[in-house]
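Have a look below at one chain only, the form predicted on its own, in structure tokens format.
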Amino acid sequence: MTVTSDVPRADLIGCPNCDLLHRAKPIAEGERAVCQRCHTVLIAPRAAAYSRALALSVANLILVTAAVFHPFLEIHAAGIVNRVSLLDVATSFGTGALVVVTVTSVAMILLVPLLRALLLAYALTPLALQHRAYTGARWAFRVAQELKPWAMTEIFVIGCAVALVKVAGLARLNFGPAFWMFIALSAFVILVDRSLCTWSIWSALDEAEKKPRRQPARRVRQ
């Protein structure tokens, strides 16, 4: 891959770290193309990446949905037991300025990861099945990438871990199914992001859009 300034825009790829432009070329699976200036990985196609990312996105959908309705934490203190779910947290502040904080937190912890998993599943399904791209698949993938910084599942898990360490000295804690679902969800989100080669997916979507549409089956008269 060479640096150049006199090539079509469609053939250029910018480094997300230092903004240096390169001329993109397809490379073999398992190889990596890196920025000449900062060595950031720009292209890294992997075998069966679409199927793997699709499976992880579907798993994220299931985990996010299930985590809402299962207990997240159980606290025992002074003979009193209090069970908390994510849905309880979302509805705990009904008035005042904390409503904005609650809605924003729930959106970043639950809604954004859920929406991003849906969009990725929609964009990657035809690539994994080697079919023609669905209508709006490019838009779905673009929105999913733009939502990536706003999905804060990992930050939520780290924040909970720090808070629980402090609370553990005051009460006995039992972790519910939703807590472990979020641990798995955080790992899956990282694996999805590591599986996705953005340039390869854009190229695959371009090729998938060129495939002919399936013709409806004709009925045979008897």
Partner chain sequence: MTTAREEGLVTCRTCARVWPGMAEACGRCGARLSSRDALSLQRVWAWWIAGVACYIPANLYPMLVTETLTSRSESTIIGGAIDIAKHGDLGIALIVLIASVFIPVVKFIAIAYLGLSVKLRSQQTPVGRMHLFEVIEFIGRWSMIDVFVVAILSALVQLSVVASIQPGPAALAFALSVIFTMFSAKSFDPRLIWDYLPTRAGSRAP
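Residue numbers count along the first chain shown, from 1. Given the structure is predicted, the values throughout are model-derived calculations rather than measurements. Rigid core: the largest C-alpha set superposing within 1.5 Å between the two forms.
One more form of this protein should be noted, the form predicted together with its partner chain, which is absent from this view; the next part is about it.
Residue contact check for I75: one or more of its heavy atoms lie within 4.5 Å of its partner chain in the model of the complex.
Using a 4.5 angstroms limit between non-hydrogen atoms, T104 touches its partner chain in the model of the complex. L129 falls outside the set of residues with a heavy atom inside 4.5 Å of its partner chain in the model of the complex.
In the model of the complex, F175 stays away from its partner chain, with no heavy atom inside 4.5 Å. Heavy atoms closer than or equal to 4.5 Å to its partner chain in the model of the complex belong, across 149 to 166, to the residues P149, W150, A151, M152, E154, I155, F156, I158, G159, C160, A161, V162, A163, V165, K166, ordered by sequence position. With the core held fixed, the Cα of C15 is displaced between this form and the one not shown by 2 Å or more. The Cα position of A204 differs by less than 2 Å between this form and the one not shown after fitting on the rigid core.
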